[in-house]
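Only one chain is shown below, in structure tokens, and it's the form predicted on its own.
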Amino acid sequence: MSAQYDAIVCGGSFAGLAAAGQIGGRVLVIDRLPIGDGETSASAVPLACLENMDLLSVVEQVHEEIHIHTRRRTQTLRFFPFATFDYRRLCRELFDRTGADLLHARVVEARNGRVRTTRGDFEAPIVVDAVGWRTATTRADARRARAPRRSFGIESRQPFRGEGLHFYVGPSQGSRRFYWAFPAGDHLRAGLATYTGDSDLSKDLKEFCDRLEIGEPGHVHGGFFTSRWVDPIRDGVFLAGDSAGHCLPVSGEGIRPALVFGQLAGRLAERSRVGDLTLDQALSQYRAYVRSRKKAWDVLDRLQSVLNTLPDPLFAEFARAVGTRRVLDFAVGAYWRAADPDLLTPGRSATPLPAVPTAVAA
């Protein structure tokens, strides 16, 4: 590990691997776990993401419908096809495409071209922070750097076959639980999350599995995720994924934004590496594009705060209203553009970022 690196990517999951795949030269990926061993999510994403990245081989099941279950009714929605996928296979495929070196270590700090780890210090002109909600920052700066809305979810897998992505809305008690059941070929991913940071969810998960009549929860995985943004650059470092709060509020969808913004960060980092842009220019362009998408996050963030305490009958009416054609078409378009899967590519790309409004770029 004494080699000189052109870029260091902290984090070996969605955002980090998406970024590393866009950077040429010598790249080092640092993660405390083997690639593919750090699953914390339900591993479901719009099918277009996997199509555009040439990753259809990892798909376990495609779903055309989303079912929202409230106490009063079940609302069926058709947005765009989603797919549940094999997390381990996807991460390993992405890593193999990078050609990067891998270091198993915990990142202690990343700033200004220098990365401190539990296995030594490393330097590179370009650094990407994609380690998750903790961020690759010093202990003293942790509270400032972390995204302020911290949510928590857990999930287990049970033998089951079914169709459609199912969401179950828990009763309003000031800290509403949101449950899901995602079929994935020969098994079901059953889990729940809160947007208030409550992490004591094991009893709730058992009760949910009992209601579904699928037996005791098996192996449980999960963790914290963030859905309120921080500045996507810090101390000369690109931030992507949970490090930058890129999980969409309301839906809890974090994989698509991690892939999209991870690739965009890597694409701009590559332009800096080859001399098309200075590092400051690349960082500024990344920040400008991320900020141009922030309006959608702010709307969803406010909506999430309302839905968390909305009385159950009104939540059922909200789900019904979203299912109407006029609202659905508008909502789907805005939701898609928040982290546009059409920007994703299967390999390294020179595709420029979409134009950013002057007011936002400034």
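Throughout, we count residues from 1 along the sequence that is shown. In this text, all values refer to a predicted model and were calculated from it rather than measured experimentally.
One more form of this protein should be noted, the form predicted in complex with a small molecule, which is absent from this view; the next part is about it.
Across the proposed site, L90, D101 and P346 without exception lack any heavy atom within 4.5 Å of the small molecule in the predicted complex. The small molecule in the predicted complex comes within 4.5 Å of a heavy atom belonging to L33. Not displayed here, the small molecule is approached by I154 to within 4.5 Å at the level of heavy atoms in the predicted complex.
None of the heavy atoms of L268 is located within 4.5 Å of the small molecule in the predicted complex.
Contact check for P249: every heavy atom lies farther than 4.5 Å from the small molecule in the predicted complex. Heavy atoms within 4.5 Å of the small molecule in the predicted complex belong, among the stretches 223-231, 280-288, 208-216, 70-78, to residues of 223-231.
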